[in-house]
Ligand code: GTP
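Next comes just one chain, in structure tokens: the form predicted on its own.
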């Protein structure tokens, strides 16, 4: 290893301008592309920097310096095991649901909740925005939340109810939720592409997109638009996972569903987005109503290491809660 490479390895860069070969003009070009922090640049590809007029060689050098700064390199599996200890978990508010997810939602991964209208997707997102502000001993991450709303479902009144129930100051809780409404799929992508600086400055530990597919579904209609829609969704999801990994945050998306009338066996309901969303979401949870009004059934559909399973919980004025033995429906579909 040369002296220059050794120096790069040891150097910790706090801003883009600190990186070797990145002056104010280049930094501005990078920010226009959506790269505002060293962490986000470390997750970039050389091709993504082409629109800024940066040569392949220079782009590679900048990305390499950014990656060395935050420690992205080949490592042994035992080192990976130690790094996995940095993965944190965020409580859902329900012990049963946390048990299904092996302790809660993981940082550095995407958790997807999908289901029909009224199944509780947005309610869980609201609860997570409050829970993330709790201290670690109570299942929180002592952090803020970033909420991208595509269907105008976010309600501060609901946040206040949930915060009061947990004994938190509602005013402070609301201050720690950074909100943006996305009006189109392009606007939705733009918001996320320019979120890295907001995430870093505000200690954001939860990123929510509710819902991921609503705009894409309404704007890209017909089979001839499918390829274009899937490419954009793919780019959007990969941007989300990069930010979650760079800042050790929980990423949550909600997804709409569609009916499959040709399905004769199994569940005729499936999430929008096809294989692109399915492969990028590390953990997928299917939500549906039980026969009881407030009771919901959560089914873990896929996970890198957890078995499929079901748990039940309820949505009340207080938020996401466990149900008592007396409240449990006689048949939960298990």
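Positions refer to the first chain, counted from 1. Here the structure is a predicted model, which means the values were calculated and not measured.
Keep in mind that the form predicted in complex with the ligand is missing from the display, and what follows is about it.
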Would you say all of 118, 122 and 151 touch the ligand in the predicted complex, counting a heavy atom within 4.5 Å as a touch?
yes
Considering the ligand in the predicted complex, which of 194, 185, 91, 161 comes within 4.5 Å of it through any heavy atom?
161
Examine residue 315 and determine whether its closest non-hydrogen atom to the ligand in the predicted complex is within 4.5 angstroms.
yes
Consider residue 36 of the chain shown here, and say whether it contacts the ligand in the predicted complex, taking contact as heavy atoms within 4.5 Å.
no
